[in-house]
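Before any questions on how it binds or moves, here is one chain, the form predicted alone, in structure tokens.
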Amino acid sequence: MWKQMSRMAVFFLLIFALGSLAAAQVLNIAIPQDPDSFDPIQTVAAATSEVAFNIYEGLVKATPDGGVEGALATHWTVDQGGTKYTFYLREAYFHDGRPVRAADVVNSLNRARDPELAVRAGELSMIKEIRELEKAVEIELHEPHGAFIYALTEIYASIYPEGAEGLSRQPIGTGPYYLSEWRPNQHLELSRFDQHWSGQKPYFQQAVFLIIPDENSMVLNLKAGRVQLIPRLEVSVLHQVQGNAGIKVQASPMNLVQLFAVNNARPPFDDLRVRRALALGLNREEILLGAAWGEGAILDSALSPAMAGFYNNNLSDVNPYDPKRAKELLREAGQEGLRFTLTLPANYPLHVQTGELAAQQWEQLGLEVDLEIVEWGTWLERVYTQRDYDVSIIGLAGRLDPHAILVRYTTGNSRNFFNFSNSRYDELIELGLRAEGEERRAIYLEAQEILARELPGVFVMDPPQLAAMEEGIQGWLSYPTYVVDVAALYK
């Protein structure tokens, strides 16, 4: 208890000190954890993209409506075969003053697709070759790839100077802000980059991202004026700000898939009957009410309803709440008294609360659930990277194109920490890249049905994104990806 109080005291002292900077040109933003690494090819945490969106840019970038527009490329063309993209570069400068060259683009993207260097190299495996042209870059694909242009909006496709070192802690990008100070577990200070290629200067000269793991502390500091923005307010504390003069809350779909990940390679979870018992024993309506105050949407799929054009809304009967059938399946599998560990990431209260409720429901089936709450770094290392877990819970951030979400469940994918494998599913994901229109939609509907029936994990909900902010803050933009667009904000 004393340790917790001491941590809170540190947060208050830190924020009080930074509060003295809070003139009209400084925006204080509360986030729950540090980025993992600002090296674009090493990061895996969505929380890093949230900050890095303001620092790095790629050839293209996402728009709030889910589209793609030029960033370091003014425009691009595609040949008739759909395999050669030519990106024409604008005049732009890196934060260290160097001009952006075609060689920088070629180097950055080649590093991003190098399996010896990049943790998500597979995401750009569709690229055959990248060629440097005069004020342009040509990217040739092995074959037409429907999701390629969307992949270039991801953080791993960010552009930085050739030969740059130490990017994990000292990023060098072209975005409207640069990282001027980082005190781990305390704050990140971003300063306005006045030489941005757009010619426009953001309203806020500085944006300070304060690391405040406790959601109640976030709210207290927002009320006291020491924080002006909480981009992702936990729904459990929404009641603390509703009706407060001087504070407003903007809600939008988060395009996030919260799910219980199940280690499909670890007995007895390699038995579908056990995985299905976990799914049928979960009362998600009760969890939505208890963990998210009834806000958000229950999920039956690996996509969010926010992706309306591809979401399969006919899966609600696949895994209905049926504890009687769940017990029968456990008995058939010889696992009536199964004991397992449920690993929860400490810095995400929604996931912890969801996990605690689920554990109670599974224990009603006769299962023994050991709750293990770990720090975020431990979760990333042990669950995501080493895949050393039984069952865990996480929220998978949305993307602009369904392929980028669904490909993670394919056999051998670097992000497939479920260890899930299904040959028909793998085939569908490949087909989806070459299909268009209704044919592509039908492919992804079938793929989602396979996931619902084969259960790499148990899908729970898409919670709402609640952005709580000082009444005077204007310009908030909600993206279907995990970002905070500081340059759009003003007072």
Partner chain sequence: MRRYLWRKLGGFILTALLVSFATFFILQVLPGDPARLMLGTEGSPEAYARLRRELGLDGPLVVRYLQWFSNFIRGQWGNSWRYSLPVGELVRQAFPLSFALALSAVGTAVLTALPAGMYMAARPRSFSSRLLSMGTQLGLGLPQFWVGLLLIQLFAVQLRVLPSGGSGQWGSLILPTVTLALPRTAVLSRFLRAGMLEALEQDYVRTAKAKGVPQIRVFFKHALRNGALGGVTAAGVQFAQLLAGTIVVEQVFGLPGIGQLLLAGVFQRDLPLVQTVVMLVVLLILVFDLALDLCLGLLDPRIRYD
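Positions refer to the first chain, counted from 1. These numbers come from a predicted model, not from an experiment.
What follows is about the form predicted in complex with its partner chain, which we do not show.
Of the residues given (W376, Y321, Y88, W197), W376 alone sits with a heavy atom within 4.5 Å of its partner chain in the predicted complex.
Proximity to its partner chain in the predicted complex, taken as a non-hydrogen atom within 4.5 angstroms, holds for one residue of V241, V208, V119, V257, which is V119.
For the three marked residues, K61, G309 and Q448, no heavy atom of any sits within 4.5 Å of its partner chain in the predicted complex. Picking from 328-336, 357-365, 99-107, 215-223 the stretch near its partner chain in the predicted complex, with a 4.5 Å limit on heavy atoms, gives 215-223.
In the predicted complex, no heavy atom of E295 sits within 4.5 Å of its partner chain. In the predicted complex, its partner chain sits beyond 4.5 Å of every heavy atom of E50.
Not displayed here, its partner chain is approached by R399 to within 4.5 Å at the level of heavy atoms in the predicted complex. When contacts are judged by a 4.5 Å heavy atom cut-off, G246 does not count as touching its partner chain in the predicted complex. Along 38-67, one residue reaches a heavy atom to within 4.5 Å of its partner chain in the predicted complex: V44.
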